[in-house]
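A single chain, nothing else alongside it, follows as structure tokens in the form predicted on its own.
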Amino acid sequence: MTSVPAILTEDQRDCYQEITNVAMGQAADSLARLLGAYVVLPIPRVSIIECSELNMALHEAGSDDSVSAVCQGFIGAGIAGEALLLFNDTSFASLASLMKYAGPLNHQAELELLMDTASVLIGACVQGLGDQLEIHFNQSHPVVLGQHCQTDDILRSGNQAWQRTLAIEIHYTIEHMNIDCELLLLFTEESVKTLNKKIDFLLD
């Protein structure tokens, strides 16, 4: 028996966007306090996409010459997903300056800056979503998918098993600074059915 493909109604999409706004605001606040700088909040994009469309979204997010990426899985209440942070490599010098990093900006230093940023953004955003949906998400250890590499290399490292996924795209920038990153929250197709039930409860 073929399963029914995951879909979103307009009301569900709007609700996902609203709870994402709250969650990413919490994450931005955490990052702003870490950096002592203003984080520009975007409008998140919520969509059900095919694997090929995910590849296109990653290409758009990593449009610079090279990117660094961190992936972190999360699971709870029958819902599983991955958070993927793409960090434009041109951002490292500004990030080091804001964090008052005094040492040489070598490979290890950039890795530490990348992991610190990923920990704050992913952790706060996933927790913010979970709090609103009354789900406790357990998060796996973050994994570096690559440093100073092309987006195609990230795609080869990532999870290509999903045919369709709920994708929430959040583009973060720091005001007046050359810091630019993209956070993608990707939920498995099976998880969308459970998530939609939670969303429908909020809409009632």
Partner chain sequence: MNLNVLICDDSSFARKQMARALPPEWNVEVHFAGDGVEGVSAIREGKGDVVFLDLTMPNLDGYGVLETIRRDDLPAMVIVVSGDIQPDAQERVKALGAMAFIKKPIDAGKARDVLTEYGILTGV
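Positions refer to the first chain, counted from 1. Keep in mind the model is a prediction, meaning the values are calculated, not measured.
Omitted here: the form predicted in complex with the partner chain. The next part is about that form.
- The partner chain in the predicted bound form is approached by D29, whose closest heavy atom lies within 4.5 angstroms of it.
- Of the heavy atoms in E190, none are within 4.5 Å of the partner chain in the predicted bound form.
- Proximity of V39 to the partner chain in the predicted bound form: non-hydrogen atoms within 4.5 Å are present.
- Among heavy atoms of Q17, some come within 4.5 Å of the partner chain in the predicted bound form.
- Of the candidate stretches 66 to 74, 137 to 145, 30 to 38, 45 to 53, only 30 to 38 has residues with heavy atoms within 4.5 Å of the partner chain in the predicted bound form.
- Residues of 167 to 204 placing a heavy atom within 4.5 Å of the partner chain in the predicted bound form, in sequence order: E175, L202, L203, D204.
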